[in-house]
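As structure tokens, one chain now follows by itself in the form predicted on its own.
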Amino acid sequence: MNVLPVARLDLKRLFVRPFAWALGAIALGLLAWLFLLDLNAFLAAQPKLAAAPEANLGYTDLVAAPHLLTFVQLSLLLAPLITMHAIAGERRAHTLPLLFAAGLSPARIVLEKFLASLVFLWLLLILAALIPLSLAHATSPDWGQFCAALLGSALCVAALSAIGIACSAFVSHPALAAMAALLIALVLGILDAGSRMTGAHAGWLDYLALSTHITPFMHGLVRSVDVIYFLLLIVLPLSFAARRLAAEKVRG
């Protein structure tokens, strides 16, 4: 029995495409450079930190957690580029009817496409997380805070991947899917920018903003409201994508 055939095929496509490898290499190279800059700033700030122990800021607060947050910010671009071919590419190549003819349900196709992109992005996240962990033996990281930041990053990346899959399901060209997913991600990313600048609360705008829910994870807080937010941001786009494919299957 062939388990997860669509996901396995998509993963093979990702791992043999120079574009995906080049994208990952550029992202990790940029992350490594920014990590060195943050580490240099952290070492330069050691005298001030030692003089103000009440601030209680360490390697995790100033280097490791911001490093993971940088990966999340890069994922606003990475996720749309990785997912843009997921369904729009199949539609453009006229291979989507073959998936339907193979007896795969629209929901299964969407889910397996999502899993394939998520495995690739989470692999990049793991490699990114290994960069600050390489100095764990020489520092005193807050493992609880780091694990919370890693969990938040994984959930956020999954949500961005789900949005990318949904956009790929609704358009006929991969480039349009990437643009739509990037636009949605950017809107979610800056939705509460005005309220943050003025120091006021914007109610539901604050709740819908990504920064409202990713920031507590970076500080070591795992709140149910934030986990639910990311789960909804995963389930809803995938549900819309499955319904779109179901309607397309009916139309033939």
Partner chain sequence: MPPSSILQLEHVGRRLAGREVVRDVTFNVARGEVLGLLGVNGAGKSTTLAMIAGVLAPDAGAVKLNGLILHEHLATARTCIGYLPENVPLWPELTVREYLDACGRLHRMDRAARKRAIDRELLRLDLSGMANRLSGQLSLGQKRRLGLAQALLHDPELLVLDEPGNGLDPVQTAQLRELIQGLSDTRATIISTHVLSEVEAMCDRVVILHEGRVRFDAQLAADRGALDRAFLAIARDKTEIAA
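Residue numbers count along the first chain shown, from 1. Just so it is clear, the structure is predicted and the values come from calculations on it, not from any experiment.
Omitted here: the form predicted in complex with its partner chain. The next part is about that form.
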Can you work out which of Ala107, Leu151, Leu176, Ala102 has a heavy atom no more than 4.5 Å from its partner chain in the model of the complex? Ala102
Does its partner chain, in the model of the complex, lie within 4.5 angstroms of each residue among Pro216, His219 and Ile228, using heavy atoms as the measure? no
One stretch from 165 to 173, 92 to 100, 136 to 144, 122 to 130 that, in the model of the complex, holds residues within 4.5 Å of its partner chain by heavy atom: 92 to 100
Any non-hydrogen atom of Val16 within 4.5 angstroms of its partner chain in the model of the complex: yes
Does at least one non-hydrogen atom of Lys12 fall within 4.5 angstroms of its partner chain in the model of the complex? yes
